[in-house]
Ligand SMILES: NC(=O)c1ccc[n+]([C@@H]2O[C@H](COP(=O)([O-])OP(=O)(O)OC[C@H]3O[C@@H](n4cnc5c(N)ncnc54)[C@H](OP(=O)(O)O)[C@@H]3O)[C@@H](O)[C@H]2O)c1
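Next up: just one chain, as structure tokens, the form predicted on its own.
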Amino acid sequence: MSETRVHNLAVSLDGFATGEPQSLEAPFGHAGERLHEWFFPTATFRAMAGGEGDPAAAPDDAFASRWGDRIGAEIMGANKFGPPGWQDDPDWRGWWGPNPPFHTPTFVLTHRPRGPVEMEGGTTFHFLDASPADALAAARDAAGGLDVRIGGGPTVVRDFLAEGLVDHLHVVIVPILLGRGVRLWDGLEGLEKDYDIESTTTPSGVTHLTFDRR
């Protein structure tokens, strides 16, 4: 069976994966881009804009670049797809422009589903009001035997972890304190017993944690 994977999920030292309040002008709230500064110099990020990565970021890119390997579908939450209230805008098609970086069927979990939206590059957004297990079943059907990526945000990742549906989890610990926002780890006490965990700190100052199901 295909695996369910999470990649490049950045959290602060106090466990927040996004700040508050989120808006069109501030997608990550008061956190701004601080959780993702490690990612911007990597070849994986720069390639999305047709550029080259900073060689100094190669240790981080060794982790970041794994996000697309053997991925056949993605699942994301409503707050990753758009700012609060996007469901009221029939023309909203996500943050990423006409050619989003996913290039797979992408399932958006929302209590207000709409019809699918086909984008350039092979991405089609499907909108589901479904449990994690049911959403994963739909994504696996669309993935053609490849793996399914849980793209975030933290609430969605936490829900899939709580139901034991994640095979591989990559979390990037960023050495900042946010104090408020949306936390990843709440309600997941004892999670570590189900995974083999490795830790690597890179010259950028972040620590990559990988969790692989035993």
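This one's a predicted model, so the numbers in the text were calculated from it and none came from an experiment. Start at 1 with the first residue shown and count on from there.
The same protein also has a form predicted together with the ligand, omitted here; what follows describes it.
*Asks:* So, a 4.5 angstroms cut-off on heavy atom distances: do all three of 41, 64 and 173 pass it with respect to the ligand in the predicted bound form?
*Replies:* So, no: the whole triplet misses the ligand.
*Asks:* Against the ligand in the predicted bound form, would residue 153 count as a contact residue? Criterion: heavy atoms within 4.5 Å.
*Replies:* Taking the distances in the predicted bound form, the answer for residue 153 is yes, it comes within 4.5 Å of the ligand.
*Asks:* Looking at the partner-bound form in the predicted bound form, is residue 57 within 4.5 Å of the ligand by any heavy atom?
*Replies:* The answer is no: residue 57 has no heavy atom within 4.5 Å of the ligand.
*Asks:* Can you tell me whether residue 9 touches the ligand? I mean in the predicted bound form, with a 4.5 angstroms heavy atom cut-off.
*Replies:* Yes, contact at 4.5 Å.
*Asks:* Determine whether any heavy atom of residue 35 comes within 4.5 Å of a heavy atom of the ligand in the predicted bound form, and answer yes or no.
*Replies:* Within the cut-off, so yes.
*Asks:* Go through 41 to 49, 141 to 149, 64 to 72, 24 to 32 and give me the stretch that gets within 4.5 Å of the ligand in the predicted bound form, heavy atoms only.
*Replies:* The contacting stretch here is 24 to 32.
*Asks:* Could you pull out the residues of 82 to 114 that have any heavy atom within 4.5 Å of the ligand in the predicted bound form?
*Replies:* 87, 109, 110, 111, 112 sit within 4.5 Å of the partner.
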